[in-house]
Each structure stands twice: as C-alpha cells, then as structure tokens.
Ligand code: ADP
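A single chain comes next, written as structure tokens; it is the form predicted on its own.
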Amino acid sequence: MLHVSFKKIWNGFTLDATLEIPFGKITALFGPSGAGKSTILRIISGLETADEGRISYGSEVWFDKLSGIHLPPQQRPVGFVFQDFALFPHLTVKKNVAYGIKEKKHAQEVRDLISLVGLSGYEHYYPAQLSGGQKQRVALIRALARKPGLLLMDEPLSALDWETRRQLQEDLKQILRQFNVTTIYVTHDITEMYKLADYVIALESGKVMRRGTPEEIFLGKKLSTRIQISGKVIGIESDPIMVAVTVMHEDQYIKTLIDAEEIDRMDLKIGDDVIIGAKSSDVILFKTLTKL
C-alpha cells in the first residue's frame, strides 16, 4: 500500500490530501481542473516537496517532514507519463525506450516493448516524425521499461483526438493489466475513468471529497442497475415526443429511446459523456458531468 498524507500551501491555495493507494490496481484521481491532481503526482514522485506530511511505499519512507526524509526522484521506483509526452526530441524511439532500462544488454527487451505497443518498424524514427498517439505509446513503454513499482499518469490522453484516445484507452487497459503495475491515473474525463479505473479518489479544491469504485462515486446506492455502460453520445434523433440517442461504448453502438422532455432537462448534446443503466425492463440514461 502507498500511504500519502501531506499538506501544501501556495498562492492562497491549500492542498490537504490523505490517500491510500492499493498495490496492483489502477486508481484514478478525478476532479475538475485546479483540484490539485497533478500536484499530488508531482509530490509523490519527488518533483515537488510538501510543506508537511509523510509518504511511504510499503515499508519504505519516501518523505517525512518531521524526520527530514526526502528521497530524491531518481531513488523512488516511479515511472511518470506526462500529458505532453516529454520525449527526448534528439533520440530515436529505440533510444528513448532504452533510456529507462538500467541493464546494459537490453536490445531484446527494447524490441519487445516497442512491439507491445504496435510500433515495430518505428525504432529509428524521431518524436517529430510520430503522431500524437504514437508519441504517447513511446512515453508509456519508456516509463514501464524501468520496471517501476508505481506508475503515475497525468492526463496522458487529453491532448489527443477522440478516436485516438478511444483506441489508446483500450490498449492502456490491457498493457497495465499485463504489467500488473500499481497506477495512479489523473483524469477529468468520466468515460476514461470508468473504462480504466478500479478505484476512484474524487478531489475538489484541494480536498478529497469521495472515494470508492466508479459506480459508488457517481451512481451511489440509489440506482440498482443490473448493467451500467459508459459511453459518448454520437447521435440524437428527435420528434416532439421521443428522442433516439445513439451512444458509442468502446466499438459498440447503443441506441435507446428517451422522453423528449427528459432530454431537454439534461441539455444533452452530441459529445456528452453518459451512463446507460438497465434496470429490469427499463433503460435509464444519465448525463455525467466532469465537475462534482
């Protein structure tokens, strides 16, 4: 278990967080911009220092203000994937990935990692020659190459177009499960959070507001559905009484009829994230908001 408890104050903003991150799971830090999500990752990684508190990873203490302990980033078993890729522009794909590997004889390992994300044949390309999705795949395997105990991902897909994000979400889920690496994933996209996270910590204005599974956080106990599917609205066909809403979930298209007045109340638009719940013979559709 990763135990995190700290306080940081700057520019009148107070970040006061206590987190327990289970090993081997994907934990999402979810909340609006400015909630403190990225700062939490930077403090856990050692890139920033808290004003007070303690961070421990199993039996190893990374930070303890009272004891004067502050393990530098290079001594923490942490991989970090940034929103802007942070690749070395002067290094090829092969050399970017190899940078994270400590062992000298790593040629086969580099080839295997590059193959894992579908980039075989791109070993000698430079970052400027890659698409956004390809750059993020390289950033991911470079972080995993050092075999981190903890992987931190700061909105890694937010700069990509929707179709690329959708595909990378699927790939990410499989790769992270395969490596079984403890992951903290920052996002404000509810569809992404539902697809990837085992556990969610919801933040607002520097404080933890809720914790639990995605269903517990956003649906609560009032909705007892047998099926819950998250997706994005890609079509709305209306008449004065009923509206047909088409939702894309992964590679599947789901169409359901909703009362026209209910659609108006939700102010539903194409591109909105939604959750479809099937309860007995009834279909329930909720518009989901990125801000709690």
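On a predicted model such as this, the values are computed, not experimentally measured, just so you know. All residue numbers are counted from 1 along the displayed sequence.
One more form of this protein, predicted together with the ligand, exists but is not displayed; see below.
A single residue from the set Gln228, Thr27, Thr39, Ser45 has any heavy atom within 4.5 angstroms of the ligand in the model of the complex; that residue is Thr39. Of the heavy atoms in Ile55, none are within 4.5 Å of the ligand in the model of the complex. Mapping the unseen interface onto this chain, Ser67 falls outside it, with no heavy atom inside 4.5 Å of the ligand in the model of the complex. Contact check for Val245: every heavy atom lies farther than 4.5 Å from the ligand in the model of the complex. Contact check for Phe23: no non-hydrogen atom falls within 4.5 Å of the ligand in the model of the complex. Only one listed stretch (259-267, 59-67, 27-35, 246-254) carries heavy atoms within 4.5 Å of the ligand in the model of the complex, and that stretch is 27-35. Heavy atoms closer than or equal to 4.5 Å to the ligand in the model of the complex belong, across 7-32, to the residues Trp10, Phe13, Pro32, ordered by sequence position.
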